[in-house]
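Here we start with a single chain on its own, the form predicted alone, put down as structure tokens.
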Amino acid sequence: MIQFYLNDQRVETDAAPATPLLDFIRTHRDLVGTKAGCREGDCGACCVLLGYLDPQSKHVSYQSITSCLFPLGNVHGTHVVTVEGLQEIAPNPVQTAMVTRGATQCGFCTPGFVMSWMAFALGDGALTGQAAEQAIDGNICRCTGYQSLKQVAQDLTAELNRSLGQRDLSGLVSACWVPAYFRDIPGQLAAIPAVSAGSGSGRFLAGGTDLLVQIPEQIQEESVVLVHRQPGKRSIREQGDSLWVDGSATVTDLLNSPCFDWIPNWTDQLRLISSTPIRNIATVAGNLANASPIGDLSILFLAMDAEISVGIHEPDERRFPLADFFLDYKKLLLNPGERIWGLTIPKGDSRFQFLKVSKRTYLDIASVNSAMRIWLKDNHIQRVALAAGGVAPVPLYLRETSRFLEGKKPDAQIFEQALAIANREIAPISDVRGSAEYKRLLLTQQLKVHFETLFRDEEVAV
């Protein structure tokens, strides 16, 4: 039995756990303010709020998610809010600002924008215009034009700073940002019995951002094992001389984790991966298991020199280099019944960079992506981990290029030789994201940026 709160109503349902939340909202509950658009997580018309209860603090934290890709079973014990759930105080400041600035025309995308900005208001991030704009990076407007939406972002930021003496739930209720019933939600969620994640048998299903695109009808008929965990159980932590990243950790968890503070511009690099509503639910294990040749997290963690832990019952049943995990196109070194438990990443004084080129800067699949991590000692390259996507049938660890660079003193000649080796290792094909020649050029340019950026202190020109 799946139990949760939908707006101000408790819901109990035996619907299939892999049912997209969007379909349950619209078909089972007749809440059609949440729109069915692309069903691939690209447009944001289906955005809703998802509130998780922290059992220790009794605080509910809210995020925007794409309901078209989120399995219904994952909402057990949570608070789901649709645009109808704001009607008690409608129009609220978000809706008022959109009307005032003329930021809605046909209205199809409007509920998604409203819910993304509600997540911004309910969050604990910076109250700046830039942050308000980033909050809608997963929402597409089909007919208005974005200047009015940018004006709304500025208006909302100013109003939040003006109207809230204290940015907490009580203040948001008093300032009429959210309805009064929000005050009762923590206690109501606490009364819902917990269920154990990852129990049973069947196909493993985490955030749903891949499987609910690839096989949405099929997976609803299957038995699934839900492995998406609530915040606080998606661990990213230091573990001796390494970092542990739980397979159920989301991209947002990675973005917010202090364990990656050693990487300059970490936030900017992670924002190249999808959009806020997708990052809030897409998991590390899901991205790796999808085995896309251009999977962003696969490339990122390959270049971090990560080890993967897999097994049926325990994380340490099998542990081996992530570089050995991808065997061929969509084929993995994973035995029947095994799941991805997490990754171990070596710590140490090093430098790292992730790059991505796509037709759109955000919310797009890469034509070519790459990442590089280096360890330096006495002005020599002690260790290198280099990976690239979009240039082979698998997320590619550039073994020969990495091995060649190790022990070398960085200079322009060494890098030219490394570029030649990298070009021999890759085998791109022409497709909708570019010709094979174009992808070779993209990777060459990205590697030059890696060399110039990561070896900037050594003043090496490429």
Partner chain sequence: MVKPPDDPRTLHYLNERIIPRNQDCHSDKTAFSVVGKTYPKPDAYEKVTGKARYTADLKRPRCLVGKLLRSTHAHARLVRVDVSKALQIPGVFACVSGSDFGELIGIIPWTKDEPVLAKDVVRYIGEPIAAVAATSESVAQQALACIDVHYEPFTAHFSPEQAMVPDAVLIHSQAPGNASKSVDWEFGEVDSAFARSQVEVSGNFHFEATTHAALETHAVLAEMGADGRLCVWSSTQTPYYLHRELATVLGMPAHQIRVIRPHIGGGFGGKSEPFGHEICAAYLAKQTGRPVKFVFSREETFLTHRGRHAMDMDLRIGYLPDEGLVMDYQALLDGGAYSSYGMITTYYAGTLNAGLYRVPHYRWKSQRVFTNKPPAGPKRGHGTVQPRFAIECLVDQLCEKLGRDPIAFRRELALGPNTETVNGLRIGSSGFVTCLEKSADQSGWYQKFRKMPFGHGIGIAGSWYLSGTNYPINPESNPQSNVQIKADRSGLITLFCGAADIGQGSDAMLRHLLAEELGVDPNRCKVESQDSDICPVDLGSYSSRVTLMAGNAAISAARHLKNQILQVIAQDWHSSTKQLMIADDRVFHLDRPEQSMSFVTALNRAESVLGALGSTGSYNSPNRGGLYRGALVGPSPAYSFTVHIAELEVDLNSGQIKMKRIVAAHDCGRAIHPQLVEGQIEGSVYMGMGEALLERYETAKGLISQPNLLEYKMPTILDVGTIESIIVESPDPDGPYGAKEAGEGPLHAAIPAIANAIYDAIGLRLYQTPFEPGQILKALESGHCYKPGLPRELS
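Numbering follows the first chain given and starts at 1. These numbers were taken from a predicted model, which means no experiment stands behind them.
The same protein also has a form predicted together with the partner chain, omitted here; what follows describes it.
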query: What is the one choice in 50, 60, 43, 396 with a heavy atom within 4.5 Å of the partner chain in the predicted complex?
result: 43
message: Exactly one residue in 253, 155, 338, 88 has a non-hydrogen atom within 4.5 Å of the partner chain in the predicted complex; which is it?
response: 88
- request: Using heavy atoms and a 4.5 Å cut-off, decide whether 148, 365 and 441 all contact the partner chain in the predicted complex.
  value: yes
- prompt: Heavy atoms within 4.5 Å of the partner chain in the predicted complex: which of the stretches 293-301, 320-328, 178-186, 92-100 has them?
  reply: 92-100
- prompt: Does residue 359 reach the partner chain in the predicted complex if we count a contact as any heavy atom within 4.5 Å?
  reply: yes
- request: Tell me, yes or no, whether residue 38 is in contact with the partner chain in the predicted complex, where a contact means a heavy atom of each within 4.5 Å.
  value: yes
message: Is residue 110 near the partner chain? Define near as a heavy atom within 4.5 Å, in the predicted complex.
response: yes
message: Although the partner isn't part of this model, could you tell me whether residue 32 comes within 4.5 Å of the partner chain in the predicted complex, counting any heavy atom of the residue?
response: yes
